[in-house]
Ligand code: AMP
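Coming up is one lone chain in C-alpha cells, specifically the form predicted alone.
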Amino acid sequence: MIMLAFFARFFKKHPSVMEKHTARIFFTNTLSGKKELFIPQKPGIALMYTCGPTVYGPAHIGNLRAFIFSDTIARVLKVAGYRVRRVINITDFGHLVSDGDDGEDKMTKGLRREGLTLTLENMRAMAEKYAAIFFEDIAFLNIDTKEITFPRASDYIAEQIAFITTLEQKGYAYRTRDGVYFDTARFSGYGKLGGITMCCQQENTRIKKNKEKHAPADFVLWKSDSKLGWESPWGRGFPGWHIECSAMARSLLGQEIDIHTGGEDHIAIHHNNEIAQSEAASGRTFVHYWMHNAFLNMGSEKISKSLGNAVYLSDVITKKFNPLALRYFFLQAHYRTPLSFSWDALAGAASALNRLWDIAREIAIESKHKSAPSEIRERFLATMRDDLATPQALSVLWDSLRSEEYTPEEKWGLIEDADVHLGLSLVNPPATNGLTEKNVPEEIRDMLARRQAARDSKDFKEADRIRGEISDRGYRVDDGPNGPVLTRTTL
C-alpha cells in the first residue's frame, strides 16, 4: 500500500512519465491511405528512414520542407518516450534527372557547371561541399542531427552490389547491354504505394524507349559505364538511384523499418521501386508506415531547380529573416497540404513568430521559468499526436497564451511542450530584429501610415517611394496577410 501511494503521488506530480508508456500516436499511412495508430516493431524503438538530398547544389526551401516534416515526426516520437533511430542518405553520385532512368545525371551536370572534370574524386569533393551547406541549413532550421546517421551512397557500393546480386539470383533482375534492370512483372505488388496501376506507372516513368527493357516500368539497378564508376560482376559502372536507399536502409536499420518519409513526388516511382526491390530481396514487409509531405509551390508551380524558381535558405537569411521564420511558415500548414510560398507570406510568419517570442519572454519572467501541468498541455499533446496537426497545435498555443484562464506557470509548461515539439526556440528565444508598435520610432510609424494611405488610394508609385525612404532609415517593409510587417535591417 505504501508503494502504491508513492507511485500515485509520483505520477500525479510527473504526468509526462506515465504518458510515455500510454501515448497513442496516429500517422496517415500512404500505403493504406488511412490514419493509423503507430505501433513499432519493437516496443520503445522507432526506426525511421528519410530520403535525403542529391548534393550537386544547395537544397532549395521546397526540399527543406521534407526535413522539417521528418524532424517533427521524430520530435513527437521522442517526447512520447521512443528511442528514434534515424537515417538520412546523402546521394553523392549517379542520380539521373527524373525518377526514371533518363536524362543527364545531376552530379555530372554539377561538375560541368563548376568547370570540373568528370572523375569520382571531383564528384565526391563537390558532394561534400554541398553536403556541408545542407548540414548548415538544417542546423539553422533547428533540426537536431545528433541521433541521425547520414550515410554517403558512395560508401555503400559493396552493399548495393550484394543487393543486386541477390535480386539477380532470385530471378527479379535481368541484364542488358547498358546494365541490369529490375523486372517489375515478377513482383506482383508493384505500384501498391499510392495505388499506382501499371498503365499509369508506364505513363509516369518518362523513360525513353529501350528495346532491351522488358517493360517501360522496369528500372535500372546497375548502369554500365566504361569510363566512370566501380567494378562489379556486370562490368564498370554505378548503381541506379533507387537501390542505394534500399541497401543503406537494410545495412543501417534492418530489413524491416517502421517509418519511411519523403516528398510526395517520390510516391509513384522511387518509393514503389524501393518497395519492389526490398521486398523481392527479403520476402518481408519493407516499411510499415509510409509518410509523405506535399509540395511547396511558387504560385501555381512547385519550387524546383529545373523550373528556375528555386529559393534557398541563404536567400531567406540575406533578406534578414530568421531561418526559424521559415520553419514557422511550414508548420502553419499540415504536412500533407500543398503550401504556396511568397515573401509576403514569409514576412507574416516572421511577424507571428516574433510576437510569440515576445510573449514567451514575458511569461518566462512572470512564471520564473516554473511550469505546472494543465489540461491545455494535454490538448496540445493530443493535437500533435493526431497526425502532426501543427496548424491546430499552433492555434491551441496562441489561444492559451492570450487567455487569462491559465496561470503563468501553466503557460510556461505549455511553452516547454510546444518548444520540444515544434522546434521554434520558444524557451530560449533568439535576439530578434522583429519590431512591435511600442518600439518603432514615431517617424517610421508616420511613414508607414502615409504609405498605407497611398496604397489605399492605389498610388503605388508614392507607396514605393515611401517604402524606399523607410528602407534608407534601416527598416524593411513587407506586406503580410494581416498588414505591413516592419523589420529592422540595421542594428
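This structure is a prediction, so every number in the text was calculated from the model and none was measured. Start at 1 and count along the sequence shown; that's the residue number.
Omitted from view is the form predicted in complex with adenosine monophosphate, to which the following refers.
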Requested in this report: Tell me, yes or no, whether residue 266 is in contact with adenosine monophosphate in the predicted complex, where a contact means a heavy atom of each within 4.5 Å.
Outcome: yes
Query raised in the report: Looking at the partner-bound form in the predicted complex, is residue 54 within 4.5 Å of adenosine monophosphate by any heavy atom?
Result: yes
Query raised in the report: Heavy atom to heavy atom, is residue 223 within 4.5 Å of adenosine monophosphate in the predicted complex?
Result: no
Query raised in the report: Is residue 246 a contact residue for adenosine monophosphate in the predicted complex, using a 4.5 Å heavy atom cut-off?
Result: no
Report task. Report yes if all three of 324, 329 and 391 come within 4.5 Å of adenosine monophosphate in the predicted complex by some heavy atom, otherwise no. Result -> no
Report task. Among 33-41, 448-456, 421-429, 60-68, mark the stretch whose residues have heavy atoms within 4.5 Å of adenosine monophosphate in the predicted complex. Result -> 60-68
**Report entry** The single option of 341, 312, 295, 289 touching adenosine monophosphate in the predicted complex, heavy atom within 4.5 Å
**Finding:** 295
Query raised in the report: Out of 75, 385, 250, 106, which one falls within 4.5 Å of adenosine monophosphate in the predicted complex, going by heavy atoms?
Result: 106
Query - Any residue of 321-357 that, in the predicted complex, places a heavy atom within 4.5 Å of adenosine monophosphate - result: none
